[in-house]
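Encoded as structure tokens, the following chain is the form predicted alone, with no partner shown.
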Amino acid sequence: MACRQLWASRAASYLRISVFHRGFSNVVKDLKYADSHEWVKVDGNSATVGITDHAQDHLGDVVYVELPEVGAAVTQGASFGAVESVKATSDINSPVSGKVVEVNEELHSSPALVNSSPYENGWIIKVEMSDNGELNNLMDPEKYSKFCEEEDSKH
């Protein structure tokens, strides 16, 4: 596990992204987070969506990712797909509303990218956002870290 965190830190450094270190998972700066453990990276009106390191850690080894069709409408807080792991199947909820403009086809043949690279190669969909104001409903990295710590302390 420490090896993975070291790798993640090196990868983050190489990619010039900042990472908050938590006990077992990473929270990336400059992303917004949903309470259902999805992240969103916004670039103008485009949003890249994936599941967080915290989520993939709790799921275990991902064996299948159900992806929506390009052109499908997604709604903030509503399910658009699912992640199946050796432990469980979990819905993936969209942190933003809009239209799916791209899906990560790589996940069909390599679903474990969600585990090994949740914030980079393991992204799930790209969305053309319909309401940038919805970003205000999401958590910043500090709030998300605190949210995860509180949630884990209950279990």
Partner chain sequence: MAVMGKAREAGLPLMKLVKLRGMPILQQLHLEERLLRTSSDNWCLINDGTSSPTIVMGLSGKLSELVEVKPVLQDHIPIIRRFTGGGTVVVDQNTIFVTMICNKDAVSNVQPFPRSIMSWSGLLYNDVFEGLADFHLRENDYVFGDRKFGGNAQSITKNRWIHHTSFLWDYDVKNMSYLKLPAKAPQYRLTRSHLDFVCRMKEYLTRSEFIERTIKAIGGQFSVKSISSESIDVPSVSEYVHTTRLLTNQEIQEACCTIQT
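Residue numbers count along the first chain shown, from 1. If you're wondering where the values come from, they're calculated on a predicted model, not measured in any experiment.
From this point on, the text means the form predicted in complex with its partner chain, which you will not see here.
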Exercise. Does Thr89 reach its partner chain in the model of the complex, with heavy atoms at most 4.5 Å apart?
Worked result: yes
Problem set entry | Exercise: Ser36 in contact with its partner chain in the model of the complex, heavy atom 4.5 Å | yes
For this session: Find out whether any non-hydrogen atom of Asn93 is located within 4.5 angstroms of its partner chain in the model of the complex, and reply yes or no.
Result: yes
Problem set entry | Proximity of Val63 to its partner chain in the model of the complex, heavy atoms at 4.5 Å | yes
Exercise. All three of Gly98, Glu105 and Glu120 touching its partner chain in the model of the complex at 4.5 Å, heavy atom to heavy atom?
Worked result: no
Exercise. Considering Val42, Leu113, Met129, Ala55, which brings a non-hydrogen atom within 4.5 Å of its partner chain in the model of the complex?
Worked result: Ala55
